[in-house]
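One chain comes next, on its own, written out as structure tokens in the form predicted alone.
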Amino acid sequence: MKFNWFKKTQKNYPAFWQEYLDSFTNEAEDTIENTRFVAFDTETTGFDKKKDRVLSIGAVSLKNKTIHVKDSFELYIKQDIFKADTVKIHGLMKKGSLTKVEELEAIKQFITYIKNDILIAHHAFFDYSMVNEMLLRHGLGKLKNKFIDTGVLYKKSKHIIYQDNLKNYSLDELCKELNVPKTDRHTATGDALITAMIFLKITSRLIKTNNLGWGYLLKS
């Protein structure tokens, strides 16, 4: 009798997470025009990914140079951890009239919304890390989506046009540089919409300089 000492046991993931993982199997690369992008943002209790928590997530989808406002995403999350001094930034109170969901339900809804599409965020590593910590707290893996940082992408486009690639730009500075209105600034959904508009402005520049391609967009 042979014993398979190295037999792997499949982890019993929730159905939504297993469907998410399966969606990346044999994933075919599409054209940029036919690809759904998701610009997203998080509002948090602070900047420590281990100690702080996500209070809200906002997102909006883009496809073929168009922002689909009707295909937007917004939710607020119940959290025991709370810092009163951050309220002046995002305005989210521990108690209030907003409908809030448990963290695991927030994860489920967000994962179902983003699917295996490409994520866009400004200073993306922070938002990406905060969402990953949410996932890890509930025994799930990290996000598998490819992602684009508008801060990095803008510096690359600026380097082509102005030969200056040294400055790190805040979201407010990019709004000024690219003439993007700061609608609902410091709300997750508002910042996601601003990020989407910034992404379109940058990609229009890249089209003019013949630099819009997957290798350019996804290279950090």
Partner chain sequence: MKNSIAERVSDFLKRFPPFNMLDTTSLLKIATQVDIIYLEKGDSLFNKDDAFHNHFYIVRDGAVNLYNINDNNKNVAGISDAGDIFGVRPLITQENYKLTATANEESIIYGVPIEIFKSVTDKNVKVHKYLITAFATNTYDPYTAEENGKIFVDYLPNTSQDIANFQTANYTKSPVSCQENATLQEAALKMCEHKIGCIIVTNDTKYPVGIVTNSDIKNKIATGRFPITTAVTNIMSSPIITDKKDITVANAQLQMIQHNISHLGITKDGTPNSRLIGILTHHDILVTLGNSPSVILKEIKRAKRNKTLRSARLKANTLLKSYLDQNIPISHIVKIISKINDAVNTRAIELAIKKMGQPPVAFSWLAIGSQGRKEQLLFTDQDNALIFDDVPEDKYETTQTYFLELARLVTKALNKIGFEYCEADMMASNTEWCKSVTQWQDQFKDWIFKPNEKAILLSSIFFDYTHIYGDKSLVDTLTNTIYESLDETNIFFKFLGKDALKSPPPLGFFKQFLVEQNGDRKDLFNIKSRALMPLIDAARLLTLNKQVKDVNSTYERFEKLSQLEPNNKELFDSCAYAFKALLKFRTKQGILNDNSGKFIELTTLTKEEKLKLKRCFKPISDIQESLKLRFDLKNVM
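Numbering follows the first chain given and starts at 1. Bear in mind that the values here come from a model prediction, so they are computed numbers and not experimental data.
Here the subject shifts to the form predicted together with its partner chain, a form of this protein not shown in this document.
- Contact check for residue 50: every heavy atom lies farther than 4.5 Å from its partner chain in the predicted bound form.
- Although the partner is absent here, residue 46 is not a contact residue: none of its heavy atoms lies within 4.5 angstroms of its partner chain in the predicted bound form.
- For the chain shown alone, residue 60 is a contact residue for its partner chain in the predicted bound form, at least one non-hydrogen atom being within 4.5 angstroms.
- Contact annotation for residue 98: at least one heavy atom lies within 4.5 Å of its partner chain in the predicted bound form.
- Residue heavy atoms within 4.5 Å of its partner chain in the predicted bound form occur in exactly one stretch of 168-176, 148-156, 30-38, 181-189, and that stretch is 181-189.
- Contact with its partner chain in the predicted bound form, judged by any heavy atom within 4.5 Å, is made by just one of 72, 79, 132, 116: 72.
- Although its partner chain is not shown here, in the predicted bound form the stretch 38-69 places heavy atoms of 60, 65, 66, 67, 68, 69 within 4.5 Å of it, in sequence order.
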